[in-house]
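Quick setup: one chain, the form predicted on its own, written in structure tokens, and binding and motion questions come after.
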């Protein structure tokens, strides 16, 4: 029988589904993690720090997180922080920037500066400004909606931001019939199915979601009868077409917990399945996924080092910070 923690992908499937690396969480490794977790807990108290962690983080990172969520939840939580002096963001660079936008007076730390995002890298503020100017000659009412997976200076040029959880709601609520949607072409394609407005998409995608194919989903269904397929809207349209539900990562969490079904294929970055296994052990979760190399750059050692030496601090120019805040606040207003 295929175990619930198995990974279903093109390389794992031969004649059986290959299990996750059991050596990664051996008793020796877990004992080492316990020591690191104790150190981080002490440093959090000394620094008056909180740790925010994205759903795609390593499972051991969840153990030191004060809050775990998707981009939308983390944006809200960053805005609500009141008593911490330091925010350690266990995610990628643009997410830490969002925390800084909402907390200009606090120290916001990213444990590893290499933790970027290929999707965010696909659009620059300069290129966006040029494209918007060109399109407004044809569509004078054009509005820019930027997925939160972009840099702060791109957000600052946007009329509103959105997340995968509220993208359609934001687009439908904004006062324009023509939307330049950046930077994810797959999410833009999905939003187009949820609106009568014209969506003009940027040519970018998340490499993690874009690499997942319909063949992988089909092989999983064939191997596990009764499997319910839940896909992220950053996936390709041919994968989304095969899904029983298309949901943001946090909505996936709620769906899996509340559904009477017992077996799920989670079609997003592998870290979410790890969280589901921890929080819903009585159900079975299978993976059609790719690891995000950027998310996995965050480690317990990196978090401890970040707290010990207060690095690496996120800094933003005031005009970028204020412009990004305006777009993010508009997202929270339209997508509430």
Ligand code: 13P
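Source: prediction; values computed, not measured. Positions refer to the first chain, counted from 1.
What comes next is about the form predicted together with 1,3-dihydroxyacetonephosphate, which does not appear here.
Every residue of the trio 94, 149 and 295 has some heavy atom no more than 4.5 Å from 1,3-dihydroxyacetonephosphate in the predicted complex.
Although the partner is absent here, residue 274 lies well away from 1,3-dihydroxyacetonephosphate in the predicted complex, with no heavy atom inside 4.5 Å. Proximity of residue 155 to 1,3-dihydroxyacetonephosphate in the predicted complex falls outside the 4.5 Å heavy atom cutoff. Remark: residue 100 does not count among the residues lining 1,3-dihydroxyacetonephosphate in the predicted complex, judged by a heavy atom distance of 4.5 Å or less. Put simply, residue 186 is far from 1,3-dihydroxyacetonephosphate in the predicted complex: not one heavy atom of it is within 4.5 Å. Of the candidate stretches 68-76, 213-221, 172-180, 138-146, only 68-76 contains residues with a heavy atom within 4.5 Å of 1,3-dihydroxyacetonephosphate in the predicted complex.
Residues of 308-336 are not found to place any heavy atom within 4.5 Å of 1,3-dihydroxyacetonephosphate in the predicted complex.
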